[in-house]
Ligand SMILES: Cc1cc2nc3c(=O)[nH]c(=O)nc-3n(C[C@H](O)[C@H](O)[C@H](O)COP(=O)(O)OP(=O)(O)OC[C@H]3O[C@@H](n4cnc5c(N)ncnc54)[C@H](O)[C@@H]3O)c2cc1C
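Here's a solo chain for you in structure tokens, the form predicted on its own.
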């Protein structure tokens, strides 16, 4: 049942220049930081003609949590973490981070069942992007384990949304990039975690065919691969496959990952990641990868290897970075090979690339479909990058794949319809829940979603 709340206290308000994790295309907005649900209602009601969008810890790579000339709601103060009930469910505020959840849950033997590549993500952001992890092929995405959402609608009502109470609104919100309402809290089903350790296996593989075969055939709960995007033609797709399972209770303690230990110097030059240096670095990493090695690893190093480096995005220099992540259906590994060939032949530096398997997805704008996903980082100002990514978009769309909106900062709006066939259903939910288009973002304007 809808509950309309009233507020008398205005939230903290500042004017700020905001960008995504890629540090590109920053825009200025009025940032309001509500401290509870009532202040969130007030902040939404005070939004002007440019509308508003919710923001967490700013880990979307592009412009999903920006709103040029409008209002942005900083939701990080709504970070309450409730108790775990007898069935392993917990209700947490939208501003609670996965890092905070791990700190609270690992000592009592629980964890969120889906962990993306960084723990510095809020629960609200994890819902808006329907984040996935190294176990999507086994356990689905974050919203597959969400049983209920407390949602502030654009009309000012606070509603509890489940798949049963309003299946269309739930499916539009899961991966809907914050455009169907402001998430205030979520109830999650947790996974038992006997210890904060993973039994990991690392294997060096010489080419893409063997990489895909290993990822497809191995039954491990967690699997991911690093791909050398600079490898010569005879070794296209070489890299390292990492597999993992939860360790037994006697493998270690329940300590949560600590704070990032390695700082990134400020003021790094734009040319630090030149194509020749990246090629040398990737070749060295491949040579150092173990032929086959098993080890017990902590939750932090296994799930969040880059979190140990503070502000690692600054390595790409003042121009920032673009991460291009796409997924293609099973049987379309030809698109992966095309991407490998085009990136290697383009001269555009690609320091980091990650390949994973995905299972089926459920949200209307959620990224996952069954198949293969490849995420590649590029310096944003690299010569020829725009043309390269447009070519990749075309091949991905032709294959029935899609680009991840939480990572996107430059896709052409006409690609959206072919990549996301449920876009019409999503637009119908938007028209019902937000007829005045009060929820807007830079991404929504750029892709003509609002």
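Residue numbers count along the first chain shown, from 1. The structure displayed is predicted, hence computed values, not measured ones.
Separately, the form predicted together with the ligand exists; it is not shown, and the next lines address it.
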_the ligand in the predicted bound form: contacting segment from 417-425, 31-39, 382-390, 399-407, heavy atom within 4.5 Å_ = 399-407
*Which pick from 340, 183, 327, 353 sits with a heavy atom within 4.5 Å of the ligand in the predicted bound form?*
183
*Select from the listed residues 112, 320, 117, 298 the one whose heavy atoms reach within 4.5 Å of the ligand in the predicted bound form.*
117
_residue 67 versus the ligand, in the predicted bound form: is there a non-hydrogen atom within 4.5 Å?_
no
*Answer with yes or no whether residue 57 is in contact with the ligand in the predicted bound form, where contact means some heavy atom within 4.5 Å.*
yes
*Closest heavy atom of residue 312 to the ligand in the predicted bound form, within 4.5 Å or not?*
yes
*asked:* Can you tell me if residue 306 lies within 4.5 angstroms of the ligand in the predicted bound form, counting non-hydrogen atoms only?
replied: yes
*All of 102, 188 and 222 with a heavy atom within 4.5 Å of the ligand in the predicted bound form*: no
*Of 71-95, which residues get within 4.5 Å of the ligand in the predicted bound form if you count heavy atoms?*
75, 94
